[in-house]
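In structure tokens, one chain follows: the form predicted on its own.
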Amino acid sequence: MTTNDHPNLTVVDHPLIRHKLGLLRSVDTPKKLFRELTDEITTLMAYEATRDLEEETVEVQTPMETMRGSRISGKKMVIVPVLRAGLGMVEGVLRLMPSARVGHVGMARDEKSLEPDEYYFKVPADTASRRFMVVDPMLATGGSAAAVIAGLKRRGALRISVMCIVAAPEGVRALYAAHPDVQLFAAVLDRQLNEVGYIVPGLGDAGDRLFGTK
């Protein structure tokens, strides 16, 4: 589902996602279940986020006859989790595309300026010939996602999308302003950011809830 207010945003709206998202938000959900729900929601979203993958026609021999089938063409997709919370979404995508490559990008947010600071960037070298999917559970200010995309573009990437679970309107607008060519997929668009840059109603700090660090 796309919106006129946010032309770069597709909300992947489905009863199973809404059900699992309600559990994910709950303060009573333990980290084991939180990790499982993050993984499951990611897999459900990935169907929509990969709808426009390029295909090629191939000949298939069934038990009955020969037919023309389809397979994904081109080089393997690269999943790019934004460390650390993005790691919780990687397996959910790999479940659908087990041969995909995985890059890693480290972004730390300055708690005062809320600006991202890149401390690690490792992706395959042949960027121009691959498609990249940046994954991070939360799109808050949009600064980290925009910085990751800018880093990929500097390295020659041409086809980039972003997948998050919860997005804030401020982050969606900021991402569109910085990279109007990049499509964003989210499970839900929340109300707003609070005074310290957290999404509300949100689900808290996804990294802390995934890894039990708070």
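When you see a residue number, it is the position in the sequence shown, counting from 1. If you're wondering where the values come from, they're calculated on a predicted model, not measured in any experiment.
The protein also exists as the form predicted together with uracil; that form is not presented, and the subsequent description refers to it.
Partner proximity in the predicted bound form, defined as non-hydrogen atoms within 4.5 angstroms of uracil, places exactly one of 122-130, 93-101, 137-145, 67-75 at the interface: 137-145. Proximity of residue 24 to uracil in the predicted bound form: non-hydrogen atoms within 4.5 Å are absent; the residue sits far from the partner. Using a 4.5 angstroms threshold between heavy atoms, residue 13 stays clear of uracil in the predicted bound form. Shown without its partner, the chain has 197, 198, 199, 204, 205, 206 in segment 190-206 as residues with a non-hydrogen atom within 4.5 angstroms of uracil in the predicted bound form.
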